[in-house]
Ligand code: UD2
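Next up is one chain by itself, shown in structure tokens, the form predicted on its own.
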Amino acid sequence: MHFIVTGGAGFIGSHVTEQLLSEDHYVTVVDNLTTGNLNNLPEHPRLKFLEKDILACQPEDFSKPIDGIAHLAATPSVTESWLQPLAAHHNNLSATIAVIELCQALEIPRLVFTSSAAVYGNPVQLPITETHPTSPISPYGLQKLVSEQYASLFAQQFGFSMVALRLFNVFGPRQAPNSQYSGVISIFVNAMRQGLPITIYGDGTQTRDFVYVKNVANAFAKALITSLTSGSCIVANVGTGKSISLVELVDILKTCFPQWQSELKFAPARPGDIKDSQADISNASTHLDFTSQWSVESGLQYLIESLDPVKG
């Protein structure tokens, strides 16, 4: 099969690309390299790379037939969505509409959209199911939610199928620790490797559902090939179904970095940060045959082993 992966040179997108190639599919990656990196992609005879903004893509850029498109290109930053709301709207919501137009023009039968747990806002119950109220507390979360609604509306009108994957806290190799888009794990790991202090915003009891990126790549691969009727739409959480506190995370990392003896600091909680998060992944299990094969511990071990030695 032949799939397009937008944002395929980025952190998550490159792992999705690798997963699809490992399953003997053909992949065309579209990435403008704003945050993506060509070094994230393997050299592979079934891989084609198109350096272009998805909003500038035309149907003639692609060879038919295309069996599905995994849309990961975005500005994945809550902070940036507040500071640069129009740019974030352009890269998140407008880009999704451009992908929808490509689905129509190229008659692509499947769209897998990268959504986020940010659509839920502050959870009123745990674990979070897909029927949980959606009340975003950031422009980023709102853009993801409205993108889902656009994709669902057009899928039902024009007959392609759509899967929206609501990702929880993804971590793994290629997540740059010095980027504004980085998750807390990459920041903590980078600090421990260099013997630097770690700062937790809040009291450290806040919990997150940390999901290893290879679990996420597997969910995308399954979402692209699972059997669905034309016009059908599925929304599925992607996490582990478990949560740990930030203090517990630091304790796990200490076992990986026994040499780390620096200070653990606490700072005031940041406005807009939710207290607790935990995914209910039964929907993904039922509809996509998804299971979380990598635990937080095994994912952390693999992440740390994949890192280059710290230069002294």
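Counting begins at 1, following the sequence as shown. All figures in this text were calculated on a predicted structure; none of them were measured in a lab.
Same protein, other form: the form predicted in complex with this ligand, not shown, and the subject of what follows.
Residue in contact with this ligand in the predicted bound form (any heavy atom within 4.5 Å), chosen from 78, 145, 164, 155: 78. Only one of the listed residues (173, 127, 183, 139) places a non-hydrogen atom within 4.5 angstroms of this ligand in the predicted bound form, and that residue is 183.
Contact annotation: residue 246 falls within 4.5 Å of this ligand in the predicted bound form, judged by heavy atom distances. Among residues of the shown chain, residue 135 is not one whose heavy atoms approach this ligand to within 4.5 Å in the predicted bound form. Shown alone here, residue 33 lies farther than 4.5 Å from this ligand in the predicted bound form, counting heavy atoms only. Using a 4.5 angstroms limit between non-hydrogen atoms, residue 273 touches this ligand in the predicted bound form. The stretch that touches this ligand in the predicted bound form, counting heavy atoms within 4.5 Å, is 187 to 195, out of 99 to 107, 234 to 242, 187 to 195, 83 to 91. Site residues 169, 199 and 208 are all in contact with this ligand in the predicted bound form, judged by any heavy atom within 4.5 Å.
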